[in-house]
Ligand code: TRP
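One chain is shown next in structure tokens, namely the form predicted on its own.
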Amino acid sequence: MQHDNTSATYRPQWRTGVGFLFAAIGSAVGLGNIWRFPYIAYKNGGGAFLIPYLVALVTAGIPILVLEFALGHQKKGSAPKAFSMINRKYEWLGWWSVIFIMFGIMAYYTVVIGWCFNYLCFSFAQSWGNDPNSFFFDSFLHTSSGVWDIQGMNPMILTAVALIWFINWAITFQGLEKGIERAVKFMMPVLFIITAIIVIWSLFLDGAGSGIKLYLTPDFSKITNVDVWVAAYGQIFFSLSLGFGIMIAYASYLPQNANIFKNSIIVACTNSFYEIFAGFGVFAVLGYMAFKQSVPIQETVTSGIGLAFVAYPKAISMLPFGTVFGILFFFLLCIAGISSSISIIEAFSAALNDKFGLQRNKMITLLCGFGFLESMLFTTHAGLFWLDIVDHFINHYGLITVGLLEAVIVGWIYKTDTLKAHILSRMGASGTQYKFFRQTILRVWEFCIRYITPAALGIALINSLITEFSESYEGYPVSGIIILGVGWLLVTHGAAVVVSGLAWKKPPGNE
């Protein structure tokens, strides 16, 4: 049966459970899983880091994911609609999350994916030469002297960013079933296959063993450090796309009988397995690089942009069949980035459609067009500084604040009884022999939502603030931090309050 996608009453639905799982996992598995987690693990105790990491997964990652899936599924709406149905005065929280993600993270994330595409092209000739560091910062980015030294744009980067926005538009324009679900059913298997090829290939390189040893060697003295536990909770929270409004929107498209709890476990565990597994490939290659250069492996270890665009290109130049390795690696990053970016657009467009009943195709076109114009700011010669500051403040304050407020609102104000009943009725196994088991699981979930998760996120937030006030982030000028970081959060919060004050075209809860 055909439906009218322009109707405010029609809500699309995932064609298959696998499509939903691939979409949710695709949103969770992004660039940070590949270039951030291995370094975080190494820095915070190696193999010993897995203890706080797994504790964080069980006490915060899975509970918040269950909360967001259950909220979206029960309310059949995006984040703003779901919170509005709890109480109209909390609608702003849903809007704040989707606004600062769409006009904050998405604006620069597409630029980084554009870099990945540029480097995919560079891989064919290894255009970065013998000095990938100088090539990336000077020749490629033309990095300026500081935050306010903006200057011009690199046409090559601008073209790549335009292409990434076009791909995002082409996928989301087609809707949930024909666009997003069809795309992730292709992208996610390809992503897993390429990751497996890279990891297995890396494990047989000379020096790979020393890299793996450094990655996994436990330093149990570090797990008594509060900063390590904060890092573990932060990594779990960010890598699962919690606080983005994405999982709430995706779950709202599930059929009525979907097993929320089982889906949460699958998505959370797959995401964690993937980033741990990908870490083997990262450190095996770094071990090979250290072996070939006859330097301590610690000198090759880096994170984020430095890993993807400096350390790895350097390693690729040393590898046998390095061209093929480089093509696979940067294609992998492009897929991981796009599978995450389409989910951000969907979360925001779902919120707009719920609130105003806008025609989807025009809405997606306008969003992607405006998004590209905003991304242009990050393609300037000062774009790297802007990207770093905005990313830091959104991740360390915006997302954690949203997650903390979600737990408080659902755990203490809305109460968890309604959601517990909703989750329990869809947990699958029936019979008295399962009753105690299911109820115990949900009691643990409720305890985490009401106590453990708020406490952990509260400590992480306070810890970040203490660090922030003790020294300027990365030595950036205070003016840049206030305007680009704090200012971005305040402006998006103000926009959320304004939008939440507007009338609903179709009141929530009447579908």
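From a predicted model like this one, the values you see are computed outputs, not experimental measurements. For every residue, the number given is its place in the sequence shown, counted from 1.
The next section is about a form of this same protein that is not shown, the form predicted together with this ligand.
Residue contact with this ligand in the predicted complex: Ala232 places no heavy atom within 4.5 Å of it.
Proximity of Ala460 to this ligand in the predicted complex: non-hydrogen atoms within 4.5 Å are absent; the residue sits far from the partner. Using a 4.5 angstroms limit between non-hydrogen atoms, Phe244 touches this ligand in the predicted complex. Within this chain, Phe122 is remote from the site of this ligand in the predicted complex, having no heavy atom within 4.5 Å. No member of the trio Pro12, Ser78 and Ser252 reaches this ligand in the predicted complex with any non-hydrogen atom inside 4.5 Å. For the candidate set Gly32, Pro38, Pro52, Gly45, a heavy atom within 4.5 Å of this ligand in the predicted complex is found for exactly one residue, namely Gly32. Note on contacts: among Phe378, Tyr215, Phe238, Phe117, the single residue with a heavy atom within 4.5 Å of this ligand in the predicted complex is Phe238. Listed stretches are 193-201, 144-152, 335-343, 261-269; the contact stretch with this ligand in the predicted complex is 335-343, by a heavy atom cutoff of 4.5 Å. For the partner-free chain shown, nothing in 114-143 comes within 4.5 angstroms of this ligand in the predicted complex, judged by any non-hydrogen atom.
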